[in-house]
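Quick setup: one chain, the form predicted on its own, written in structure tokens, and binding and motion questions come after.
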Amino acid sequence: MTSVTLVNGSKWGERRYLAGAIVALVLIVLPTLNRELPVFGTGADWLAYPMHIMVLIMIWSLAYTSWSLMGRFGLVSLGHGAFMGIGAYGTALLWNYAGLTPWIGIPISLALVAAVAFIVGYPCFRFRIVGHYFALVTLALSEIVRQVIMATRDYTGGSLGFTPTPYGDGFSLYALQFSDRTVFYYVALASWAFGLWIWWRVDRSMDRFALEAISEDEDASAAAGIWVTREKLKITILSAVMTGFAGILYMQYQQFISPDTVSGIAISLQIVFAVVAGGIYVMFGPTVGAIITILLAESLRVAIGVSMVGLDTTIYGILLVLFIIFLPKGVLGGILDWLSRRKAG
């Protein structure tokens, strides 16, 4: 019986690796199909819109994966919209007003994100502010950042948004501005893959066991020799920096940002919904959540345009409640759980 289980498990593992290799190959060669397969005998850019959607999915997948790093250990943050906004606006403002290339502006912005995460996280973890109280603190942070952006409208553009100054002829490594969508497709693909690798590394590290113990019982974990505050700070800063980088990618790709697109409570709630919908405990769960949210947002945009502002947030809220009640492990988590039960049966 054991040998049969081992053989079946080995075959299942081989199939997963094969499927992953096929998906990776398709994602890598996909942009080249646009030049090889004209639509209806014309040279139409038939992959332009699908590639745009895929770039958005990969950028938001990185943000959602970042949140799941700490969310899966009971650290429910509603302030990741703040980290995303700080990263995006920080890099753009340094470029427009200080003339700093993103190669310098990005590290500075990410350092600022890490500093804010430390300033908020340290007192919370040091004085045992957990659960709903921690969520409320981070929620306030998200709204504070949004209000700061609105209040400094002379520099940030406020609710009207902010556009980085164009540089060159549309293709510049110095400014990280690329008019060719294919270039940014590969940038987003590499960033998304790197985010998954970080999730995988954390999942197989000793920190994971420490954080799981902390989420169960902080007092017992501290008694066992785990430095609770340090472990929480490490995962929070890592999650915040990754989210800030996702905001930077979004800004560099869209070349336009506003408080409603990269910061505020709505973005924070969108992140939470996507991770819960896709599967918080599965590496590809946030990616599935990104596919759900981006396709939902695009469908609503096409269907109703701007006639019902805020409808997407309302739908996110309703679906979040439904997922928590009926599918707590998310779409991908539920599917994998069903497959494991089927194999065991």
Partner chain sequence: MSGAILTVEALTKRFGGFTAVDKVSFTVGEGEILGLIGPNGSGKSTIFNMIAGSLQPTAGSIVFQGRELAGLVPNRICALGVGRTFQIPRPFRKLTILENIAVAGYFGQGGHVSRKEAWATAERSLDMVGLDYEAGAEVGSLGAAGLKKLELARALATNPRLLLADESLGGLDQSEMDQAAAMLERIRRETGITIIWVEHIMGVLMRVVDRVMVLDHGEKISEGLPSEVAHDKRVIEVYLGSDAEAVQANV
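Numbering follows the first chain given and starts at 1. Predicted model only: the values in this text are computed from it and were never measured.
Beyond what is shown, the protein has a form predicted together with its partner chain; the following relates to that form.
Peer 1: Of 183-191, 117-125, 217-225, 91-99, which is the one stretch near its partner chain in the predicted complex, taking non-hydrogen atoms within 4.5 angstroms as near?
Peer 2: Result for this chain: 217-225.
Peer 1: Quick check on residue 206: any heavy atom within 4.5 Å of its partner chain in the predicted complex?
Peer 2: Yes, residue 206 lies within 4.5 Å of its partner chain in the predicted complex.
Peer 1: Can you check whether residue 260 is within 4.5 Å of its partner chain in the predicted complex, heavy atom basis?
Peer 2: Answer no; every heavy atom of residue 260 is more than 4.5 Å from its partner chain in the predicted complex.
Peer 1: Please check if residue 212 has a heavy atom lying within 4.5 Å of any heavy atom of its partner chain in the predicted complex.
Peer 2: Yes, residue 212 is a contact residue.
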